[in-house]
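For reference, the chain that follows is the form predicted on its own, supplied as structure tokens.
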């Protein structure tokens, strides 16, 4: 989720600027059970999806704010029967529409219907390079075969295709094959996303953590592929945080460029923000979207630099990485206002590296699947 979507660059960097993109988590329902799912761990307690009318209101408010990109995701957004209607509503307000999907649940007719509704782009997740490996990760037999079919239907409709591949210890050695797969599917863009340890991934850290050697090899593979495939495939790369020395500007900075709306209508500065229990999140069912963005306490909490402590306060990179990930700081340093332990200047950096080493050599090979979520 750290890669920048094409066209999302904006020159103004002021804390009061309006967002570029909105990620609409339409539902937590999903036929897959990926062990690194970023959805909340307490899925059983999540009920009350917003209605079609409520989502259209969000779309209208987003357009009125000058938001440019509207990303439909989940869970699996294709489980919503009103998806074409929502896409049409967003496109009707001149928003760039992007569908982030597992592909499972889509048919040729539904892909055509989405294209006819005005969908601009589709991002398809892949869990492996063959049925055996992919279906084992997704916990859904036949998932890989459906994804391959969906990719074909998407390109037949002339829609730009991005392949998203979450990489971890069990598939990172097959990164070159994964890039080849993306090319064979007609993708114009690929996101190589080393697993981020939030949500269900945090629970499965010992089973998913790659080794340092794997991460270093992946970085070299991406570098070589970018050069080799220049003009054919754009590769966005999210490297492994636990082996980093400089933190990433998570989501382009807290409350600076983008926001997420959950299925029940909560507005979040980032998709994992609910892991910060000391924050309270407002609902678009109760408060206008613009007011939440500009004045919401959760958005103000880590926006800008006033909240920072050393070593962030005097760091030359503070306007580039914005202190890194607040969720990771809480999880590993015990305080969301601490420097992201991915930073080599953090007093918790050594502990993070040690944790990565222990997890990657733990010998754990089985993971806990995200449970299936049915009707809301």
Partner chain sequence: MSETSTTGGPSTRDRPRLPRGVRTRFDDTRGTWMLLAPERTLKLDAVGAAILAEVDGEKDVDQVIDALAIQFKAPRDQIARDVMAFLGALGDRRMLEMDPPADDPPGERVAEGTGVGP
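Every value quoted in this text rests on a predicted model; they were computed, and no experiment measured them. Positions refer to the first chain, counted from 1.
Omitted here: the form predicted in complex with the partner chain. The next part is about that form.
- Proximity to the partner chain in the predicted complex, defined as a heavy atom within 4.5 Å, holds among 175, 86, 279, 95 only for 95.
- Residue 68 is the only one of 68, 308, 56, 333 with a heavy atom lying within 4.5 Å of the partner chain in the predicted complex.
- Stretch-level contact check against the partner chain in the predicted complex with heavy atoms at 4.5 Å: of 209 to 217, 166 to 174, 267 to 275, 118 to 126, the positive one is 118 to 126.
- Not displayed here, the partner chain is kept clear of residue 355 by more than 4.5 Å at the level of heavy atoms in the predicted complex.
- Mapping the unseen interface onto this chain, residue 202 falls outside it, with no heavy atom inside 4.5 Å of the partner chain in the predicted complex.
- Using a 4.5 Å cutoff between non-hydrogen atoms, residue 224 does not count as a contact of the partner chain in the predicted complex.
- Put simply, residue 81 is far from the partner chain in the predicted complex: not one heavy atom of it is within 4.5 Å.
- Using a 4.5 Å cut-off on any heavy atom, the residues of 225 to 239 that reach the partner chain in the predicted complex are, in sequence order, 230, 231, 232, 233, 234, 236.
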